[in-house]
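Given as structure tokens, the chain that follows is alone and in the form predicted alone.
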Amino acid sequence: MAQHFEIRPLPGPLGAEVIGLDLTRELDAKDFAAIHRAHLDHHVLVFRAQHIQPEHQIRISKRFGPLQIHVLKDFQLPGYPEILRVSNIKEHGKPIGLGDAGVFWHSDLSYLVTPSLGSMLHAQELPSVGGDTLFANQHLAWETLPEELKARVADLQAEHSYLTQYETLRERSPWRPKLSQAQIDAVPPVAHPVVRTHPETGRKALFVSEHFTSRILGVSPDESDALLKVLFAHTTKSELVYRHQWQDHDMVFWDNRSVTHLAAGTPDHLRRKLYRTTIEGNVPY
């Protein structure tokens, strides 16, 4: 049965709220089509007041495609390997989730051959201060790039690696365990276009990030470093960014083909816990 809900665009360069939809209920074809269209149009959807269980999150996520399992399996929600716990909480002296997820701008799982289509993040426990998530519109990043730089990068490829910032994170964070050789072997570096085409809308977007993009291929190391420095700065300009201030039981669904995102940070003494599912996408082209 169809539900009555409203899709309300947020002020700024991307994003929309979905008001009145209950994700504990199975979406009929019409409602799903409306959500799918809104996701393509707005890139980030904020479903308010979602009192859902993990199985509901998994069900709606799977409507968009197969789910991907994160390489850090220690942080899976027990009984639900599809869900990664994003949390700074420790129990019995051990972290229950990935507490430093998103401290660098990135697109989820861009280090895989088939990066993520999108991610869903559901708020379980929120801090009284901090914990915001920032999203940057990478279609606008491409469209506002100076023409000479567009011509320079249009046909280039970049290497993406899960290890690009991993040791940097390990040095300052208790949430990054030493990776086993098997884990390292599971995420070898991959090459993707610097400018990708969205497979559903045809729009171009920049597809580099400081978290996972290690180098530009086919140029010297100095030129690679210089290009990436310029691109990283451009892709995160304030006019491209929507800052999400979480409300209780928000579910946020973003398009990793269209945006990059960043966790703004949470004070260490305040608890934060969210559940993430990640939907498999296509090989970028």
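We number the residues from 1 along the sequence you see. Please read these numbers as outputs of a predicted model, since none were measured by experiment.
One more form of this protein exists, namely the form predicted together with a small molecule; it is left out here, but the text below deals with it.
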With the distance limit set at 4.5 angstroms and only heavy atoms considered, check whether V86, D108 and R276 all reach the small molecule in the predicted complex.
yes
At the 4.5 Å heavy atom threshold, is E125 in contact with the small molecule in the predicted complex?
no
Check whether E167 has any heavy atom within 4.5 Å of a heavy atom of the small molecule in the predicted complex, and answer yes or no.
no
Can any non-hydrogen atom of A263 be found within 4.5 angstroms of the small molecule in the predicted complex?
yes
D74, heavy atom within 4.5 angstroms of the small molecule in the predicted complex
no
Just one of V194, I96, A101, L179 has a heavy atom within 4.5 Å of the small molecule in the predicted complex. Which one?
A101
In the predicted complex, segment of 42-50, 56-64, 255-263, 222-230 with a heavy atom within 4.5 Å of the small molecule
255-263
